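As a starting point, one isolated chain is supplied in structure tokens, in the form predicted alone.
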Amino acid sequence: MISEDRIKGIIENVLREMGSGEISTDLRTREATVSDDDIVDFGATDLRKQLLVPNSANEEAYLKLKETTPARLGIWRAGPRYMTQTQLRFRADHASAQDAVFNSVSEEFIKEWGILEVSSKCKDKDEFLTRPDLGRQINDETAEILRKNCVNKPKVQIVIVEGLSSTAIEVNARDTFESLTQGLKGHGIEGGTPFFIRNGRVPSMDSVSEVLQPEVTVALVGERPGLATSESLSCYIAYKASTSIPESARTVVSNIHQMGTPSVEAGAHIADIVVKILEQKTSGIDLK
């Protein structure tokens, strides 16, 4: 293996042969001094407020159109290629999406929250991504833990499901949950014992419902991230859920994130939906 000093020496020679003149700094002994202030966060800018088309005919209309969507509208080019800024932002957003999928919700986050943690049938993240069927179920050990530690037959059971975005859970789940529970209490409804399902998918809420038998099950789930955001949380609600219910029996509130529905607002909205479900004793497409 070629040493780092040897590689830097080769670079020096190549630069000299290209006519760069004398190298004022010895590359072999130079130390990089890069601070956090020198690092640009390309994902920090709101795409909806970026004016990337130079000399646009109607700047006001262009920006008004961009406010309606986080999609990449009106990006500029250098010849047939994207501009460097656009390409770097694309790669930054793609990296954020990958991190959301491949990383797990930190144990410290769950401990700080103070809620019970259980698992689906998946033994790790790799199995979760390759065996969706196992992520939809809970194992016997988890079922027994729930029976011993959770309220049986609550009116409303709230469960946090890791899903496909650990980022969404860490950024939006707790505020949504607290707003939801506060909204339910305002209607005189006490929820069951909340808990977190690691490596779980949406239908894991059905297995939970068969164990605890709540009247309504509410699952806050990290959604599959895209290039618009990696922080999107969704809420799935079902009346007397079981593993045999169709997907049409779920009521869904989606796009819970900073650029969609804020988490606190979403929690209050979900509480109102739960009240309606309890009144009508149904959910999904049958809910009026």
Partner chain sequence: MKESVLSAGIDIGTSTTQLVFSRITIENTASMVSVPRMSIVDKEVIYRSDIHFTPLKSRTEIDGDEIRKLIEGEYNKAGIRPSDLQTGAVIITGDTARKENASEVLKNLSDLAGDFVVATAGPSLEGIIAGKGAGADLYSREKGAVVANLDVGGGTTNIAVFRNGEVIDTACLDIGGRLIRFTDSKRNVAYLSDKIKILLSKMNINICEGDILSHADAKRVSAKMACVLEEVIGVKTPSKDLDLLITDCDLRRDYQIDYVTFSGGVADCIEKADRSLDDYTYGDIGILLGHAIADSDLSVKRDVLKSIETIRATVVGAGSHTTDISGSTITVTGSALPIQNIPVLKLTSDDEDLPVEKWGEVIKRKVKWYRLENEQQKLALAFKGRRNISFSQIQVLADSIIYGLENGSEDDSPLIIVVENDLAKALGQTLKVRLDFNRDVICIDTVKVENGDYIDIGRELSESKVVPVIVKTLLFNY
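Residue numbers count along the first chain shown, from 1. These figures come from a predicted structure and were not determined experimentally.
The form predicted together with the partner chain is left out here; the points below concern that form.
Mapping the unseen interface onto this chain, Glu12 falls outside it, with no heavy atom inside 4.5 Å of the partner chain in the model of the complex. Using a 4.5 Å cutoff between non-hydrogen atoms, Ser244 does not count as a contact of the partner chain in the model of the complex.
Taking the partner from elsewhere, His257 is found to have a heavy atom lying within 4.5 Å of the partner chain in the model of the complex. When contacts are judged by a 4.5 Å heavy atom cut-off, Thr229 does not count as touching the partner chain in the model of the complex. Using a 4.5 angstroms heavy atom cutoff to the partner chain in the model of the complex, all of Asn58, Ala61 and Val264 count as contacting. Residues with any non-hydrogen atom within 4.5 angstroms of the partner chain in the model of the complex fall in just one of 142 to 150, 87 to 95, 120 to 128, 179 to 187: 179 to 187.
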